[in-house]
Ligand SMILES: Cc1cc2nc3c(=O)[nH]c(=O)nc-3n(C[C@H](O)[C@H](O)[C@H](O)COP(=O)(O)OP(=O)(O)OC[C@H]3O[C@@H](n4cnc5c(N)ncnc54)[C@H](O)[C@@H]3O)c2cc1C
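A single chain, nothing else alongside it, follows as structure tokens in the form predicted alone.
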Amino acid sequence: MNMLYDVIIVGLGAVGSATAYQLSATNKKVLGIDQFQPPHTLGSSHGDTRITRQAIGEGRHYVPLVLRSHQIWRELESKANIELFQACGGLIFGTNLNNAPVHGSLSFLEVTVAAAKEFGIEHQVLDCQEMQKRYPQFHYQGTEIGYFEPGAGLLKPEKCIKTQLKLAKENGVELQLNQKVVSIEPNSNNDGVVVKTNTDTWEAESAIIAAGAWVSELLPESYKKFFKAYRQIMLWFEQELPYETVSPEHCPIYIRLGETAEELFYGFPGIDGEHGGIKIGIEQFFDDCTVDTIDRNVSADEIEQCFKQISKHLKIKNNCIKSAACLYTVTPDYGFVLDTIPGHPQILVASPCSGHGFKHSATIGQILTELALNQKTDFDISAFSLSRFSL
């Protein structure tokens, strides 16, 4: 089969589904391809919840993206009559303003506060005494300082992806699922692309690579080294306090910063009732893996080690109700890549990664749509170029 499209999207996870939805509002002929049937549990966009926050500690240049994303989530909710975004508030706290680096940001809490002030985002800076009064879910050392943002909250990633793909398909986007793309190449005139799967070949004016942890498989050899995948684990522990204390009405999403990067953990209120547990995540950037070598099981030893670490700061019981592994696809500076392949402006690469991408994905779909159709966007994406890395 050999058909001509305006745009082909490769990968239909967080970013690919958002792009398909945005492109479906145009009159362009669009094809979306995924090797699985999203949403699925093999990449980076599963696990029931993802944090979203407006003042971004990774850098002020992310703030316009997340603010627009919040608008898009609400638009999607209205169109599909479904809840995707729950604004339960967000707490970021540590023992001082300059805890260990997070996602490449040397002063995560300080940058968060500065971004909130610059963009007029509603927030409060809290001392330890106030946090103890408001948030009894935690153990405190007595020296903590916190940032609270009422507009922060949680997204439901599987529902976000499913909703965007459903609306995109209803609006005319063609979806080819369970098809693995093996190559994306410029055509002979370098004014279009040829996309091949194991069974089919398609042509288009442009292609968008939004393949998550599989992105390096589809890039020229010289760029593969800039994308490493790291296994991360998510755990649902039984709460120590009564359920109403950890319900979304009384418990925010949170990021507890540590003196070292390994001490950081983040978590969510209990969204699955009294016996569903509360989800907690930790991060590690030491042992990289591939989508083929990742251990998708979480061992009893890992669970025990996480409990020992987290229970010092969070009131949980030593009862892990469920667990899951996912992938962070990480660049050298923990930032995004939103760019074209040098010499091939018709091939776009989107890797909103390093563990802080989902909250921005709705806007990135808009950005990629603008770039694919107009070769420009009104958003400042200069910080996300491939050229910042040395070949």
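Predicted model only: the values in this text are computed from it and were never measured. Numbers for residues come from their place in the sequence shown, where the first is 1.
From this point on, the text means the form predicted together with the named molecule, which you will not see here.
Contact check at 4.5 Å (heavy atoms) against the named molecule in the predicted bound form: all three of Leu12, Pro38 and Gly357 pass. Screening Trp202, Tyr266, Tyr223, Phe307 for any heavy atom within 4.5 Å of the named molecule in the predicted bound form leaves a single hit, Tyr266. For the options Leu348, Ile33, Val30, Ala55, the residue carrying a heavy atom within 4.5 angstroms of the named molecule in the predicted bound form is Ile33. Among heavy atoms of Ser44, some come within 4.5 Å of the named molecule in the predicted bound form. Among heavy atoms of Arg296, none comes within 4.5 Å of the named molecule in the predicted bound form.
The named molecule in the predicted bound form is not approached by Leu338, whose heavy atoms all lie more than 4.5 angstroms from it.
Contact between Val330 and the named molecule in the predicted bound form is not found at the 4.5 Å heavy atom cutoff.
In short, of 227 to 235, 315 to 323, 116 to 124, 136 to 144 it is 227 to 235 that has heavy atoms within 4.5 Å of the named molecule in the predicted bound form. Counting a residue when any of its non-hydrogen atoms is within 4.5 Å of the named molecule in the predicted bound form, the hits in 176 to 196 run Gln179, Lys180, Val181.
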